[in-house]
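Here you get one chain, nothing else, as structure tokens; it is the form predicted on its own.
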Amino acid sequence: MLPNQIHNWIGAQEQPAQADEWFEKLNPATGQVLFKAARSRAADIHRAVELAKKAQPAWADTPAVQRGMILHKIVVGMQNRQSEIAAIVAAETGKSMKEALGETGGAIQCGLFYASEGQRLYGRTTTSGAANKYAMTIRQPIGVAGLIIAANTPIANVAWKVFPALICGNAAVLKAAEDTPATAWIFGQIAKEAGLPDGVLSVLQGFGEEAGAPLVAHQDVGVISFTGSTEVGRIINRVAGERFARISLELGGKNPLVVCDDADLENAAKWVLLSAFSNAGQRCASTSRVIIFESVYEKFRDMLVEKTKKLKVGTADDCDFGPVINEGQLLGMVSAVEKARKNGATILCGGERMTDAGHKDGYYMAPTLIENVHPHDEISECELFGPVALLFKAKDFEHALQMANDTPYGLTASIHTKSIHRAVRFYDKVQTGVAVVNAGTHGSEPHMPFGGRKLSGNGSREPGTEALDIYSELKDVYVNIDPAQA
């Protein structure tokens, strides 16, 4: 099903990188080569942006309702090929087919939402303080959008950025994640087959330094949307900010889940396992800090350890999670856990690469729970992006809230309690972009805004209608009339 080589889509044409260079994509479940992908560089980016500039004015002149109809055809194409897309996602990420189908369904839902926004690309009509003067606002596209995505939920990440960028009338250049090139490639193929005009969307493969950096630096790219690490986000903010480009940054998290003394502990344990370990902990919204009231700490810890040891790791549909995306990421988290151990942390379970016969060739991290770490130890403040969670004790609610906020990040948070008073105070005072009561720290929906505070982002929100503010400009319009001429 997968081709031996994954090309770029530039101006709706499938082609290799101009330098005819390639890089290998490995299967994270087996370590075996899946295929080679185009290794794009600045020349490829410049060509894609040039074609986007040429195609964008006609796309912007296409009524938003008609743009939405074309995007709807892409959604239908995704529906018709959902199993094929999911199989690619599973092969590239090591997820089970069940999980990949669920992710693809979420991407389709996101696409449908934004296709429908073509009928609701609202400005507003309001009053004026002057007689015979009428005031309104209208939305207009920015121009060329540069989109850079992560590999953790590859088809969902494509949908979250491409659909809102296009419905607003922009042309888009998508730099695919180097760990999931085929997922972005098949989306480009579906877009072409759906009749998206040439040049409106280009999909480029390659590494961040070689393809992502030239896209961020390009003077003709008016908006940059990036999902990834805080370190790279800082670079993008500096480079694109020099030319006052619009910038949307969705960065890392060290997300807390608070377990109160009145919580349903079985439900809380279920959501800790899902939030910390599903998708191999590779969510910016994963739970990585579990803050537990002292009075129930030992009981909940023991329950959590017992349940964690029963988790099944692999690629089958009955597995709880699969491998992490590449070996470098795996080795990094193993090193971080070992450093924490040497600094006095207690590894309750896991903590190492899985090396048994069924896992030794892949990039599998054992589900890991750690206690006895300081809230400001390196492992407490560094996003590992893997199946590793830290346990902390809290004296009471106010202490738990203080601990939840005592982090450089501010993406998502959750509390488990039967008290409406605690729940409301928590979601009011926790310093995050997302707050959840009695569930996990993950699970955002396409029609809702997602983003973080502090080092988790720059205040932008995607998806939801709020994403339209990223990919469009608001223009004030004043109409003055002379009644005598009526």
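Remember, it's a predicted structure, so these values are computed and weren't measured experimentally. Don't overthink the numbering: it's just position in the shown sequence, from 1.
As for the form predicted in complex with a small molecule, it is not shown, yet the points below apply to it.
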Within 4.5 Å, heavy atoms only: does residue 150 come near the small molecule in the model of the complex? yes
In the model of the complex, residue 122 touching the small molecule (heavy atom, 4.5 Å): no
Given that the small molecule is not shown alongside this chain, does residue 207 nevertheless sit within 4.5 Å of it in the model of the complex, heavy atom to heavy atom? yes
Residue 288 within 4.5 Å of the small molecule in the model of the complex, heavy atoms: no
Candidate site 23, 89 and 363: all three near the small molecule in the model of the complex by heavy atom within 4.5 Å: no
Looking at 236, 389, 259, 186, which is the one with a non-hydrogen atom within 4.5 Å of the small molecule in the model of the complex? 236
Let me know the one among 227, 104, 407, 368 whose heavy atoms come within 4.5 Å of the small molecule in the model of the complex, would you? 227
What stretch, of 264-272, 173-181, 73-81, 348-356, brings heavy atoms to within 4.5 Å of the small molecule in the model of the complex? 173-181
